[in-house]
Every structure is written in C-alpha cells, then in structure tokens.
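Below you'll find only one chain, the form predicted on its own, shown as structure tokens.
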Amino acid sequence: MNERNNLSNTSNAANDNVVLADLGTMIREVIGEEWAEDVPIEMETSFAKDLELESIEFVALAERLKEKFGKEVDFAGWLGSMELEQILQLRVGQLVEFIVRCNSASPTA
C-alpha cells in the first residue's frame, strides 16, 4: 500500500512539474517583456509581488489556460470565487494545483 502511495505521489509531482513548466511559458508570453525571461517561475512565485501581473494579463492567461488544458480549467471563474486579498497573495503553485485537480477530475472519453 505504501508503494502505491509513493507511486501516486511521484506521479502527482511529475504532473505538477509538467504543468509548472507549461504555466511558466504561458506567464512569460503573457507578460511579454524581457525581464520576465530572467524571473524564476516556481511554485512559490507570487503573481502580484514577483510577477506584477495586471488584470488584463490575468484575462490573457485565462484564455491560454483554456486553450491548453480545456474548458474544465476555468481560471476566471476560480479567481472570481476569491476575495481580493486572496488574489493578491495567489502563488503559481496554487494555480498548478488547481489545474492538476481540474484535469484529474475531468471525465475521460
């Protein structure tokens, strides 16, 4: 049973890393400025403090997430359920976990 849990944890970590890499690319594209290429985008990176994302960039990111991960990843709806303070403290890792959770909950064809 522990071996099964270890495999599941390893698989989840691999999913997180793949999503984090894709998300980092999308965030840099949305920002579209040279300085963003030098900023490490990690699980603890803050959207407000470290990346200084503005609302229009959140909208553009939501569209890219929907294109990449499907309509199940409703980033705009997820943000809309948060208080302003939660959005200001939002970390990239929270979005990674949201994407992985949405993708694992979506039905397979």
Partner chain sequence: MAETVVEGVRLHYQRLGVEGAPLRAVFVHGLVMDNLSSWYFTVANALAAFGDVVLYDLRGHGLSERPAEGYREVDMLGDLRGVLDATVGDAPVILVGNSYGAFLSVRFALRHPERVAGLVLVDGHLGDDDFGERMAATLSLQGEEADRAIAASFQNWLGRQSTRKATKLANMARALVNGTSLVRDLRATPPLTAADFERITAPALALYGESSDVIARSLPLVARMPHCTVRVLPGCTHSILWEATNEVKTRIVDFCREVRP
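Residue numbers count along the first chain shown, from 1. Since we're looking at a predicted model, the values are computed, not measured.
Just so you know, the form predicted together with the partner chain exists too; it's not on screen, but the next bit is about it.
What I'd like checked is whether V19, M26 and E44 together line the partner chain in the predicted bound form, meaning each has a non-hydrogen atom within 4.5 Å of it.
Verified in the predicted bound form; spot residues all out of contact, no.
Indicate whether E83 is a 4.5 Å heavy atom neighbour of the partner chain in the predicted bound form.
Yes, E83 lies within 4.5 Å of the partner chain in the predicted bound form.
Indicate whether the partner chain has at least one heavy atom within 4.5 Å of a heavy atom of P40 in the predicted bound form.
Result no; P40 lies far from the partner chain in the predicted bound form.
Though only this chain appears here, would E33 touch the partner chain in the predicted bound form if you measure heavy atom gaps against 4.5 Å?
Yes, E33 lies within 4.5 Å of the partner chain in the predicted bound form.
E54: touches the partner chain in the predicted bound form, heavy atom cutoff 4.5 angstroms:
Yes - in the predicted bound form, heavy atoms of E54 and the partner chain come within 4.5 Å of each other.
Going through 62-83, which residues have a heavy atom within 4.5 Å of the partner chain in the predicted bound form? Please give them in sequence order.
If the 4.5 Å heavy-atom criterion is applied to the partner chain in the predicted bound form, 62-83 yields A62, E63, K66, E67, A76, G77, L79, G80, E83.
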